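Single chain ahead, by itself, as structure tokens, in the form predicted alone.
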């Protein structure tokens, strides 16, 4: 069995707690009176301090202790939450992350942050609040009358740590010391569960503790002692007769299930039902997906053998294998799916810092956080979204004075949303800024030689120029943008994910950028077709329908033609011509109608073979510049079928048709 390094466990937990702390601090910037947010931030600090000391991160524990001491004034209501306080607290959060990532390299930087934090807290208190960094006696008498006047309560705390708690770095002595800090304690230990000496495992905790503590602190203070190690432990907290019990607050810190520690453990785990989760390394998920892909290929081979065989038993086994492989594929892909909200949360800090640096007032709104995407897609989406959000704030939103002059609210808005559309996810970044300047884009494109001066382009095509390498309409280069690099990175990354970008804008009405991405990059449903002797897979998400090519169109002119599909004209492309197929044209050709952006296009093929599970394999570096194909897949007979990139193929087909038309005009002249 593989046992994780306790320090790795701390790193994972600390990242989650720091994200929780940052989220609470950013929320406090707009909801400064929300007591729950203050408590949430304080609990995150308290947990990082305790776990840091437990795992040997003394610099982290020391800095967080000072941070927590200052922030405790906010928790007690002695200091008001203000933008400067939030700004310094965010800087402190970043410093904690650096201390965890690189122990011993940034310790000296923390004192500057703490000085700023103390100055803000002290100035707030001096301006009219009673509490300050005064001695403890003065604080008890002045700032905390409620604690002095509240009656002592006596609590009985029984706990037993999880069996692997010692392996993960838990220290019962530290827990008992924290309970002693709450008030006078009586500690007793039960050794009934300790086995004979020859059977003792040094990494297993066999002891139970019972602590009777008298304190004027609330029940929440006792819960906070165990907050970091609550999962898997047995904990019972009850008030003794003659004292008033408090109900634990309904928040994330009060999620420990109280059980009777006198009952023996259920070694079968029957009681551990419900929302349990297990941490799994991302590499293992990738390896599992690879194995499932190989299984799908082997299953396709088995199905092909069964079709060619007269053995009924073989056919039954092949059908059962196909059902199981399909179910396993869906389950494995489901494991890899991650809510996109985990990505959206990162950009709140980006927007906060940019609005501060650019002196713009920005509301950041998110929607569709529950929309799920493959974890690989989410990991590669971070940089493109950073560029797009930065451009929206830097170039799109006007400064407050210009917005007011244009009849808008002083605060601009950037909206980030995600929604499922079939087997794709559409991610939109919408701002209510000035919009794109079509005339300026055209002038820059003509100056760079990207378009001819007399070229007629629709706004949609003109706006796509901003994704060209080195293209920028910024009047000056700043630390944030202006070099024409960011949008090129966005386009290359999204195309590498087999996605596409739609860009729309209205003068003074803002800009909308929509990224359309596949749900997964591993296994997709594809439609297998044949063109000449070659076989190709078309992503089923892009296929709308299949129709027969009319006889009068089979012998039509080269280039693009049109079909009448229920009263709508749909252009079609002959893949035989695009792929330079030399075999004779076959009768009864089929047309696969696919969606390409906002339009529909037909692809003429010789035969539609059927649907298949397509395991995506990357093309070699030698074929990296072949844009008409997004990858390849191995078929059941061991041959390779190329996966068509519909968007690029349609674009290439339009250019190919244009060249043919120009050649025919030249020959006619």
Partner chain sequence: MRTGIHPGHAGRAMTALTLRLQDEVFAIDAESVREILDVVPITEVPNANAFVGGLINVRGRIVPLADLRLLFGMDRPPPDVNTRIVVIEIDLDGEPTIVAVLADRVHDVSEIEAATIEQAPKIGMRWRPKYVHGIGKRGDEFIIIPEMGRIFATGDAGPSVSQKRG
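Everything quoted here is computed from the prediction, not taken from an experiment. Positions refer to the first chain, counted from 1.
Just so you know, the form predicted in complex with the partner chain exists too; it's not on screen, but the next bit is about it.
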Only one of 53-61, 633-641, 602-610, 27-35 sits within 4.5 Å of the partner chain in the model of the complex by heavy atom distance, namely 633-641
Notebook entry, point to check: Contact between residue 578 and the partner chain in the model of the complex at 4.5 Å, heavy atoms?
Noted result: yes
message = Can you work out whether residue 582 and the partner chain are in contact in the model of the complex, taking contact to mean some heavy atom pair no more than 4.5 Å apart?
response = yes
Note to self: residue 192 versus the partner chain, in the model of the complex: is there a non-hydrogen atom within 4.5 Å?
What the structure shows: no
Using a 4.5 Å heavy atom cut-off, state whether residue 47 contacts the partner chain in the model of the complex. no
In this chain shown alone, the residue from 111, 283, 320, 294 with a heavy atom within 4.5 Å of the partner chain in the model of the complex is 294
